[in-house]
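In the form predicted on its own, a lone chain appears below as structure tokens.
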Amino acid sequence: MKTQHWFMILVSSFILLSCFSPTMRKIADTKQFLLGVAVRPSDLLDPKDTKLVQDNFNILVPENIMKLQYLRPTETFWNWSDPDKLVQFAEANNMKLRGHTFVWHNQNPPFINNLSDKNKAIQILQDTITQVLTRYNGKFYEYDVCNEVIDDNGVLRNSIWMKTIGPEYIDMAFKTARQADPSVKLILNDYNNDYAGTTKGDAFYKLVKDMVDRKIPIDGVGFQLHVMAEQPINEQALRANIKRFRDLGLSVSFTEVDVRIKLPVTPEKEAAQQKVYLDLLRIAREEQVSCFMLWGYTDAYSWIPGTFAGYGSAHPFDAKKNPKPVFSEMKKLVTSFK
């Protein structure tokens, strides 16, 4: 009986400690660290998903609903319902918001992809940005004004905006955004732009420095950081890149972090993935990165398998929405932040 008594005390104590264990959200708030995630409309409807988001993140970004294919499918129709609900959810849960994205070469509606007249393209560009930032004035912490404007070879991408307006479309977008909402941080976001000394990384820096030199209203840059577990982070190149943007007076955000594993998953590959996640978190803290955003939290809804054949298991929660060991280690690291 005595043994059973002590066993029950131990079990009760464990349950009690588990109940009072701080959430990742609470820890991140205490450390003043912006840790966020891309969300879908259903994440704010399903109770399990909603609680997971509430318990673990303090800044959100829409995964797709504010891309123009969905937000403005025709010139005259705006789909405000889902963005409105996202803004309301963030406000109700005291979360910040990132906006994504006004100007991109991908996921545009037909009426934009079919543009051919320069003046009409400028009107659509300026009207889109003004409508959104007027409606949500003061609601967003930062916004990806333009996304992926540099091609892999380091030149400006030949997007519909480039074809119809020319390279000045980037300046126009940032000036229009600043006029529409002076409070939001205006971001230029891209992928493979995270390392100094690479073709695209240096081309991205040159573009941004030119914007700063010409007094274009840009506040920061975004590094997407869709990376592979098998490739360790080049800390020196990443830190050097962050520094040179900080030296321009700009913030740096890690905007779309995921770490994909080449299938099949093995303990060795998971260990490599964990190191990448922890290295990025540590660098983000030490280099005062503006925010650290996961591009999705669970393998259940992952975009990775459909985009990168043979890869998966990229997120800190598994397909059943349970935290993986990597998430526990991430939580420990954030707890240790000074």
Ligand code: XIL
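Please read all numbers here as calculations on a predicted model, not as lab measurements. Sequential numbering from 1, following the sequence displayed.
Only in words, not in the display: the form predicted together with the ligand, which the text now covers.
Contact annotation: Gln107 falls within 4.5 Å of the ligand in the predicted bound form, judged by heavy atom distances. The ligand is not shown here, but in the predicted bound form it comes within 4.5 Å of a heavy atom of His226. Taking non-hydrogen atoms only, Glu148 approaches the ligand to within 4.5 angstroms in the predicted bound form. Proximity of Lys67 to the ligand in the predicted bound form: non-hydrogen atoms within 4.5 Å are present. The single contact residue among Glu63, Glu270, Asp49, Asp299, judged by any heavy atom lying within 4.5 Å of the ligand in the predicted bound form, is Glu63. Residues placing heavy atoms within 4.5 Å of the ligand in the predicted bound form fall in a single listed stretch, namely 97 to 105, out of 97 to 105, 165 to 173, 178 to 186, 235 to 243.
Contacts between 251 to 283 and the ligand, taken as any heavy atom within 4.5 Å in the predicted bound form, involve only Glu256.
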